[in-house]
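There is one chain below, alone, in structure tokens, taken in the form predicted on its own.
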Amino acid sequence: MRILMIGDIVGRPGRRAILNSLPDLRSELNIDFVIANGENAAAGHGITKEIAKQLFTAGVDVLTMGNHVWNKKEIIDYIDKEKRIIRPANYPPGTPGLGYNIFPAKDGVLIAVVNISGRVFMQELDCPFRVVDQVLAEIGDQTNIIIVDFHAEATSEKVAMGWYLDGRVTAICGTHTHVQTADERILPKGSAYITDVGMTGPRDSVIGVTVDSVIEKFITQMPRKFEVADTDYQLNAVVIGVNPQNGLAYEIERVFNLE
């Protein structure tokens, strides 16, 4: 089984990358299941009902989120109805939506998708390490194929989570920083790992934002509205090869496509 995990979709260029590239990628790479981080899909902040539907129609099976999950107010009601959108599991009890869900893939194989948020330089949510333990206990023996989107800022926290979950999940895929890292590997106990999958969005930008606005902000330290750059796109992802018998990964390969 081959699973495609797509890095943070940013704005219109990111959506264009999905619409233009994903159908061919599914075929060329023999993909059975597609997960994408969609927390920046709506103008760089959050997601809307219509954009989610557009991405599902294009071939995304599950959308994970992150710290911008609530930026579009309409998602608060919609996320309870759309079980294919997963928000970080370490939000407090009673928060709308699901922190994980289990989905049928090819030949009826079940895949659990888990979303966790980091805490270093991020919002102070519940401990991601303790929460992921709780989630894995709830998943139990329902499936042994478990993909974790760890939406975090600090490399150290992501690497630590990789070692913490090695052998207990299929893959730990970092998101949030919008820069694809070159450290993909299979950890000793069989879990695939990458610190950050990267960004699917405008190539000529500062992690998705217009270059001039970010440079001006750094130089002047004055308030500046950030807008998604409207340039040619890139698509960052990883392909994870999975043994359905034991749920462990046998390969992880980076994808970096340009328009």
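Residue numbers here begin at 1 and follow the sequence given. On a predicted model such as this, the values are computed, not experimentally measured, just so you know.
Below: the form predicted together with a further copy of the same chain, not depicted.
**Student:** Contact with a further copy of the same chain in the predicted complex for residue 182, defined as at least one heavy atom pair within 4.5 Å: yes or no?
**Tutor:** Close contact exists here: in the predicted complex, residue 182 approaches a further copy of the same chain to within 4.5 Å, heavy atoms only.
**Student:** Residue 125 near a further copy of the same chain in the predicted complex, any heavy atom under 4.5 Å?
**Tutor:** Answer yes; at least one heavy atom of residue 125 falls within 4.5 Å of a further copy of the same chain in the predicted complex.
**Student:** Would you check, heavy atoms only and a 4.5 Å threshold, whether residue 207 touches a further copy of the same chain in the predicted complex?
**Tutor:** Judged by the heavy-atom cut-off of 4.5 Å, residue 207 is in contact with a further copy of the same chain in the predicted complex.
**Student:** Even though the partner isn't displayed, in the predicted complex is residue 154 close enough to a further copy of the same chain, meaning a heavy atom within 4.5 Å?
**Tutor:** Output for residue 154 is yes: heavy atoms within 4.5 Å of a further copy of the same chain.
**Student:** Partner absent here, but in the predicted complex, which of 25-33, 58-66, 44-52, 210-218 has residues with a heavy atom within 4.5 Å of a further copy of the same chain?
**Tutor:** The contacting stretch is 210-218.
**Student:** Suppose contact means any heavy atom within 4.5 Å; which members of 54-71 contact a further copy of the same chain in the predicted complex?
**Tutor:** Result: 70 alone.
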